[in-house]
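Take a look at this single chain, the form predicted alone, given in structure tokens.
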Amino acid sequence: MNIHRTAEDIHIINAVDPSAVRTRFREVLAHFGSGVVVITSIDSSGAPVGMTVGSFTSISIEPPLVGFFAGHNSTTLPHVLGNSEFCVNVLSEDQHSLARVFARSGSDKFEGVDWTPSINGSPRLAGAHAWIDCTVDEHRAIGDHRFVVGGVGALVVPATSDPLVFHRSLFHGLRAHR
């Protein structure tokens, strides 16, 4: 079968030289859908802290490990690393506004947010699709981010829901196709 496509049918992003790659990097990678999580912890004064993360992954089953990337300029990351305990709140599809709140810097992100402490004391956000309680196993700088690996201490799926997905700079719900 021979399919003919015109330029109007498809949007081509072509970047070969290094400066073009840097320019188009974010645009091209926006075509990869990812789950949305909020990493929460407690700072040295006992106050809750949190940040939205789109680069979260499972790493290992034995031992159970997960990981996420956070920018070097994150104001929340030093608290997570200082506490060595965090909770991964996998957001449900109706929590897009919560994802936006925790993506902002410099505001009281927990104002009006319902949460309970996890086993390690980190906030578990109400309505989340799942919670993963972790202890920082290791972390290191990679490019302009820090990669944090967490040893999993507890896993909870509180209720049946669908996860929040980020794709092409928009939040989406997950729909099963059969």
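So that there is no doubt, residue numbering starts at 1 and follows the sequence shown. These numbers were taken from a predicted model, which means no experiment stands behind them.
Separately, the form predicted in complex with a small molecule exists; it is not shown, and the next lines address it.
Judged by heavy atoms within 4.5 Å of the small molecule in the predicted complex, the contact stretch among the candidates 125-133, 52-60, 110-118, 148-156 is 52-60. Within 4.5 Å of any heavy atom of the small molecule in the predicted complex lies no heavy atom of residue 97. Within 4.5 Å of any heavy atom of the small molecule in the predicted complex lies no heavy atom of residue 82.
In the predicted complex, the small molecule stays beyond 4.5 Å of every heavy atom belonging to residue 92. Residue 70 belongs to the set of residues with a heavy atom inside 4.5 Å of the small molecule in the predicted complex.
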